[in-house]
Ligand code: DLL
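This document opens with one chain alone, in structure tokens, the form predicted alone.
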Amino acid sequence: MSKIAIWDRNAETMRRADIRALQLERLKHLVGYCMNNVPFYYERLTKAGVTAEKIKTLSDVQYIPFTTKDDLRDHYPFGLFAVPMQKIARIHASSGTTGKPTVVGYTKNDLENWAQMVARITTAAGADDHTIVQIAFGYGMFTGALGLHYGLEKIGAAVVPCSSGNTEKQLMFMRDFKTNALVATPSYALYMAECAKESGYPMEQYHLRLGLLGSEGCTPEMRDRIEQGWGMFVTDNYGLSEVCGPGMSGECQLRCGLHINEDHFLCETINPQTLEVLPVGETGELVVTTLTKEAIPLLRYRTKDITKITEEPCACGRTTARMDKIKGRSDDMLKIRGVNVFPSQVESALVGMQKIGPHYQLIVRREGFADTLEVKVELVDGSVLEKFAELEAVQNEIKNRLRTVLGLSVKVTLAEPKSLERFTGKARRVIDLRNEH
């Protein structure tokens, strides 16, 4: 691990009182900016009786109505933009797998701020101008690849824009270019390590030392598995296209929470059922206000991601608030026989167990009036499927561990090695069969 470096010391080591004063000043400006430039917000804020003048303290943010993904979809494509198209420098969009995609825009200033934010989190993770980084995110409308690309270029890293897929060629470039950093989803980084070990080339021909992983959750157990597979140091970063893309927050080398770029984002946690604002340090749904976004500013955007925030200064020297790794999504939470289950809990229980691989699926069905959960995992050795006693022992061990972690019994199915789907982008672990007959 390299010595701890800070990209923007002024912004990343401000006194807490100065951070809050800057956030308040920017929040007041933002409310006025939204009122004057976005008809949707003019109506929403007027109805709520909120004006810039009424924002006296940061806690007054609670009087501003929430913005949701449905609001972006309802105003597809450019209804929430605050600037004319002549000032838009780039457009990104989500995949739109569940309906209309959410479309976001960036002014030149937005792009510069975005690159600066990514420069901060990648420097915090250990990247620098000696880094040769392979980006295995898909390039295109997805914000991940280009977001990290420009931030890494800003710190002087050499960027290899591989995009996702074509794993054999990815591995060839890693060996030949002596790539020492990887940008990928955790599931793809794991799959690449699996392929590297099977490719016939010695692992000594790979030089990875840093993983800048994101776009999906990564439990500490999965991170350990990836680190063992590659022999590299892995950090997590967070962002979502609606508020900018990657760069909202990221881990430093101490990995004790993801540092939030608080001069650009005001973050809260709320109870997703009651919508009540929670005290700092309590776990809830993350709500984000974009303090500096020009093209498509968002007030109190409900991310649906579950986390908690701490404002304690970090031993790395940064004073910015930190958020925990995402525990799950409020809309991904499964309720099985009255018990709340997050896929990340299942992953934490499974990864690292003997005789099974790190790939898994969660299959949800409805039987009668209750939801049921089946956990399907791969065996490392397929011959175990023919040894009933050993098979039963592995199955019972998994069931017992899941019962301890989740507080309920679930069905466990053991599958042949390499029979479950591998992912080059975001992993789809949950298969929902509740609406099938």
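The numbering used is simple: start at 1 and walk along the sequence shown. Computed from a predicted model, the values in this text were never measured in an experiment.
Absent from the display: the form predicted together with the named molecule. The rest refers to it.
Query raised in the report: Taking heavy atoms only, is G105 within 4.5 angstroms of the named molecule in the predicted complex?
Result: No, no contact at 4.5 Å.
Requested in this report: Considering only heavy atoms, tell me if D110 and the named molecule come within 4.5 Å of each other in the predicted complex.
Outcome: No - in the predicted complex, heavy atoms of D110 and the named molecule never come within 4.5 Å of each other.
Requested in this report: Decide whether G151 counts as a contact residue for the named molecule in the predicted complex under a heavy atom distance cut-off of 4.5 Å.
Outcome: Taking the distances in the predicted complex, the answer for G151 is no, it never comes within 4.5 Å of the named molecule.
Query raised in the report: Does any heavy atom of G214 come within 4.5 Å of a heavy atom of the named molecule in the predicted complex?
Result: The answer is yes: G214 has a heavy atom within 4.5 Å of the named molecule.
Query raised in the report: Does every residue of E194, W230 and G357 put a non-hydrogen atom within 4.5 angstroms of the named molecule in the predicted complex?
Result: Heavy-atom distance to the named molecule in the predicted complex: none of the three under 4.5 Å.
**Report entry** Of T289, T123, N237, T320, the one that lies within 4.5 Å of the named molecule in the predicted complex (heavy atoms)
**Finding:** Of the listed residues, the single hit is N237.
Requested in this report: Could you tell me which one of T269, S344, S94, S164 places a heavy atom within 4.5 Å of the named molecule in the predicted complex?
Outcome: Selected option: S94.
Query raised in the report: Among 346-354, 143-151, 276-284, 310-318, which stretch has residues with heavy atoms no more than 4.5 Å from the named molecule in the predicted complex?
Result: Looking at the partner contacts, the answer comes out as 143-151.
Query raised in the report: Out of 300-314, which residues reach within 4.5 Å of the named molecule in the predicted complex, heavy atoms considered?
Result: Heavy-atom contacts within 4.5 Å come from T303, D305.
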